Ligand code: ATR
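In the form predicted on its own, a lone chain appears below as structure tokens.
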């Protein structure tokens, strides 16, 4: 973009959350816009929970070309949606909002496909009939469970609240022994919690010893460097997938819906790593 950018013709998209200053999405999407020469800008909008619906409607009335949604607003934005995709219906949350030509708003959830595309890219594994252990049962876990069920996996879930775990799969007691036993028989172990974010230590609740060459360890926590858990898993011979891949591919799916263009994955990945 030249020195006159942005202009009165610059289109804008963005991400809403509370807080949202930590988001890497602006770096990723703005790198994509530059790579394709699009006169667009992507911004982060900190929206208090009590103002979500009026903020979303106001942004779209002001010409917003698309929104990502992060915690804690993924369920609240459903009140703004005039139509939703089957993924949203199954997951119960939206992370992508798309303005339609007639002024209506469509809600989508690209987390599930982002999770699978990152897995297929970094550590392909046949999930049909395979045992998978997921640790966590929050909003991201719901999208991941939807993705895994779609691939025919047998899902076991460990969570401090057993009832929430049971909603997504076969509940596993949240004890080191039970988690280790479930991990030992799994082809894929997913950390769908924030455990390990900002820490240099392997979280005690995440299994390491049962992992090996026949296991894929997937951590949705995203950092520029692999999380300590993934480093430990790799040391056991496991293949690993980090959260940056999921962030990249869920964002790319949203980008395609907003712009109608093929996402420049290389530029988006570079934007993430440089941020």
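What you see is a predicted model, and the numbers here were worked out from it, not measured in a lab. Numbering follows the first chain given and starts at 1.
Quick note: we don't show the form predicted together with this ligand, though the next part is all about it.
A heavy atom within 4.5 Å of this ligand in the model of the complex is found for one listed residue only; from 78, 90, 195, 122, this is 195. In summary, among the residues 171, 180, 105, 71, the only one with a non-hydrogen atom within 4.5 Å of this ligand in the model of the complex is 71. Though the partner is left out of this view, residue 154 does not reach within 4.5 Å of this ligand in the model of the complex, counting heavy atoms only. The closest non-hydrogen atom of residue 98 lies beyond 4.5 Å of this ligand in the model of the complex. For residue 136, a non-hydrogen atom is located within 4.5 Å of this ligand in the model of the complex, even though that partner is not displayed.
The closest heavy atom approach of residue 175 to this ligand in the model of the complex falls outside 4.5 Å. Shown alone, this chain has one stretch from 180-188, 90-98, 157-165, 113-121 that lies within 4.5 Å of this ligand in the model of the complex by heavy atoms: 157-165.
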